[in-house]
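Shown here is one chain on its own, the form predicted alone, set out as structure tokens.
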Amino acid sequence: MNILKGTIVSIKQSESLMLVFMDVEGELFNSLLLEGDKNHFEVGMNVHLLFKETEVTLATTSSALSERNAFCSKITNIENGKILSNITLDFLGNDINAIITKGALHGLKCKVGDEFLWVVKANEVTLQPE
């Protein structure tokens, strides 16, 4: 599980949905939540952002995406299994892990030290009060 610390800077609400914006060391993250969520969130609250390794997508740094949670980071480690690879990226001193297929790893020509774009959809980011 990937875990980052952030602070809620804005909340937009529409019917049963909440779009929460968090500052993580100067980078803006989004989380799309159901309003009926039992946790109460407010601007200024410190939270942990949690998202699974399988929800992190990699792309080349020149890729154009619609996702707002897209950040460039260097690959610090690659662990290969028979089918899947676990890629570790350095995001502001935090390890972000992405699990992708070995075929995707070879297709992207990922190597330790390369800079890649990593992406996580807003609806895959869960918030937890600190």
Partner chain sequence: MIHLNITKPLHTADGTIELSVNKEIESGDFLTLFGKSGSGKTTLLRIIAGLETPQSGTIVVDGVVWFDNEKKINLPPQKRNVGFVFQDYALFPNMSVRQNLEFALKETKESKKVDEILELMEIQNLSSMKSEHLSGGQKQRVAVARALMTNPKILLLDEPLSALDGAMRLKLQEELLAVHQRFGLTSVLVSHDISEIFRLSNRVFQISLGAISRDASPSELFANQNLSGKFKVIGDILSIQKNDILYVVEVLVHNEIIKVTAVKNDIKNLNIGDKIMLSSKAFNPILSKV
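Everything numeric in this text was worked out from a predicted model, so none of it was measured. Positions refer to the first chain, counted from 1.
Beyond what is shown, the protein has a form predicted together with the partner chain; the following relates to that form.
K.L.:
Work out which of Leu117, Ala122, Val24, Cys110 lies within 4.5 Å of the partner chain in the model of the complex, going by heavy atoms.
P.N.:
By the 4.5 Å criterion, the partner-contacting residue is Ala122.
K.L.:
Could you tell me which one of Val43, Leu34, Cys72, Leu28 places a heavy atom within 4.5 Å of the partner chain in the model of the complex?
P.N.:
For this set of options, the contacting one is Leu34.
K.L.:
Taking the shortest heavy atom distance, is Lys52 within 4.5 Å of the partner chain in the model of the complex?
P.N.:
Yes, Lys52 lies within 4.5 Å of the partner chain in the model of the complex.
K.L.:
Taking the partner chain as it sits in the model of the complex, is Gly81 in contact with it (heavy atom to heavy atom, 4.5 Å or less)?
P.N.:
Yes - in the model of the complex, heavy atoms of Gly81 and the partner chain come within 4.5 Å of each other.
K.L.:
Evaluate Leu127 for contact with the partner chain in the model of the complex, applying a 4.5 angstroms cut-off between non-hydrogen atoms, and reply yes or no.
P.N.:
Result yes; Leu127 sits at the interface with the partner chain in the model of the complex.
K.L.:
Given that the partner is absent here, does Ile99 sit within 4.5 Å of the partner chain in the model of the complex, heavy atoms only?
P.N.:
Answer yes; at least one heavy atom of Ile99 falls within 4.5 Å of the partner chain in the model of the complex.
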